[in-house]
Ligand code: DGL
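In structure tokens, one chain follows: the form predicted alone.
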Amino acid sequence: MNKFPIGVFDSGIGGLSVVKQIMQTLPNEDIIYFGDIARIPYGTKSTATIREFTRQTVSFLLEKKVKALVIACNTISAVAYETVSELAGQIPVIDVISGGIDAIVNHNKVYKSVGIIATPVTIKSNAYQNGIRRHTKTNINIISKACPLFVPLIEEGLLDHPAMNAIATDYLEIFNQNKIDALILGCTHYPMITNVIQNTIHYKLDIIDPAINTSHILRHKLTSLNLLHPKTHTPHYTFYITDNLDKFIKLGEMFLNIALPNTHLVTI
């Protein structure tokens, strides 16, 4: 299984922020990415619908003989982790919420106040809030804010559009009114608008991208299971999406800074 690819999946293009970190942390590993763009956004759908979509996605990736599954979607991590784990069997499953929690509780700083921005489903699940409090001994203040319009704007490529700036100003005002030490980007789309977020919050704070720690957790897991690719080689990256092929390639190449020739439109 060492030479099998890593399977990474998300509701859309946002999971590429996780792919980007995996490419840097594990440069010899092949990656298969699945983005369910046709049915985005997941973060406003019912739990039952998200779990059914997740079953279909995971089944697709397992057919590709992946050696690990990375849930590059906070919404799926929050409400369908068990669904993924059950289908995966002995294949390791790594999720971005665990990466985000690890970034807070194992940081060299002690955070007294943390903000979380995410989709409505992720915020409502309390997955980040409960996980942070479960792993910290200090009484940490947590402020959460659902930001449902960020994902569709990012999927449309409107990263620097005036509408994005206006919506960010509205969403993030709570953090200007209540100063925090760190802000968790609780949706894998959000690292694509880090500059907008930094410019909207009027003081210095740590912005936490869970994808970074997620890639480190993945490396540790593959190492412990002796599943790292055995040779130094040029990795092969394959992308499967369910809609908007040309737009995905354009945004993906811009974000990853590589060509994406192996990108395919599929129906599941």
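Please read all numbers here as calculations on a predicted model, not as lab measurements. So that there is no doubt, residue numbering starts at 1 and follows the sequence shown.
Another form exists, predicted in complex with the named molecule; not displayed. Remarks below refer to it.
- Contact annotation for Ile40: at least one heavy atom lies within 4.5 Å of the named molecule in the model of the complex.
- Among heavy atoms of Val151, some come within 4.5 Å of the named molecule in the model of the complex.
- Partner contacts here mean any heavy atom within 4.5 Å of the named molecule in the model of the complex, and among 192 to 200, 136 to 144, 162 to 170, 69 to 77 they occur only in 69 to 77.
- Shown without its partner, the chain has no residue in segment 165 to 180 with a non-hydrogen atom within 4.5 angstroms of the named molecule in the model of the complex.
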